[in-house]
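First, one chain by itself: the form predicted alone, in C-alpha cells.
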C-alpha cells in the first residue's frame, strides 16, 4: 500500500509536469516579454516586430503590456518566473528598481534579455544582453545636426527641450548626448526643459506652457521623440507660429509621422531609432537559451534624416 502511494505521488508529479508543458513543441522556447506600453508610433512598431519574430513553432510568446508603469512590469516578470518560462525579455520603463526581481529570475535559472532600454544594477550578470539603440549617440547626432544647421546664425539661440519619461534610459541618455555637443557652443541657451512623457498629448501640453512662459521667443525645440515633437507642432501652429521656420525642430525616432511632418516643412530633422529588431532579438534569445556566449551589448544601425530627404524616403519607411 505504501509503495502504491509513492507510485501515485510520482505519477501526479509527472502529470503536473506534462500539464505545465502541454502544447509545447519539442525545441520550442517559451519567452515572457514585457513591453513598456503603446505610448508612441515607435513602440507600436517595436511590439509588432517582436511579436512577428517570436512565433510558433520556434517560440511560445507570453506578452504583457506594462502601460508605462514599473509596478505592472515587475508583476509581469514575477508571473513569468512563476510560469517557469525559458527566457524573460523586457524593455524597462525606467532604469532603477529592478535588482530584486532580476535576482529572483537568476535564482530560478531564467536568463533575462533587455530590449531597447538599459537598467542600473550592481551585478551585471543579472541580465544576459541588451539589444537596442545607443541613446547617447542619438542625442549627439541631434546636437551635431543643430550645430551644422546653426552655421552663421548669431546667438543667443534659445532652446527648449521636451524630455522623455523621467528616469528612463532614453530620456537620460538623449539629454546627455545632446548637451555634450551643444554646450560647447556659447550661442545656445537652454531656456526650458520638461518631460512630455514620450506622448503627443503631453508634448503638446508642455510646449503650450513653454510658448506661454517664453512669450513665443523660442528658436529651437529638441524633442526626445517624434511623437512629442508632433504634439508640439500643433501647439506652435495654434500659437500663430510656423513650425520648422519660426522654431526649428529636431527629434528622435524616425517614425512615418515625422517623415510626413518633414515633407510638410514642419519638422527639420529626425534621428533614427530603429524599432525593427525582432528578428535579431529572436536569434539572441535562441542563443541565450542554448547557453551560447552572446555580446553584452548589441547596437542596431541608424541614420539621420532631414527635410530634403523626407519625400524620397517616406514611401519606404516600414514604421
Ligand code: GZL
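Because the structure is a prediction, the values reported are computed rather than measured. Positions refer to the first chain, counted from 1.
Note that the form predicted together with the ligand isn't included here; everything after this is about it.
At 4.5 Å between heavy atoms, is residue 39 in contact with the ligand in the predicted bound form? Taking the distances in the predicted bound form, the answer for residue 39 is yes, it comes within 4.5 Å of the ligand.
Item checked: Contact flag, residue 203 vs the ligand in the predicted bound form, heavy atom cut 4.5 Å -> So residue 203 does not count as contacting the ligand.
Contact of residue 198 with the ligand in the predicted bound form (heavy atom, 4.5 Å): Contact check for residue 198: yes, within 4.5 Å of the ligand in the predicted bound form.
TODO: Evaluate residue 117 for contact with the ligand in the predicted bound form, applying a 4.5 angstroms cut-off between non-hydrogen atoms, and reply yes or no.
DONE: Answer yes; at least one heavy atom of residue 117 falls within 4.5 Å of the ligand in the predicted bound form.
Name the residue from 80, 135, 222, 90 that puts a heavy atom within 4.5 Å of the ligand in the predicted bound form. Of the candidates 80, 135, 222, 90, 135 is the one lying within 4.5 Å of the ligand in the predicted bound form.
In the predicted bound form, the one of 66, 281, 31, 273 near the ligand [non-hydrogen atom within 4.5 angstroms]: In short, 273.
Stretch in contact, per heavy atom within 4.5 angstroms of the ligand in the predicted bound form, of 58-66, 261-269, 282-290, 41-49: In the other structure, the partner sits against 41-49.
Taking the ligand as it sits in the predicted bound form, which residues of 159-190 have a non-hydrogen atom within 4.5 Å of it? Please list them. Heavy-atom contacts to the ligand in the predicted bound form: 170, 174.
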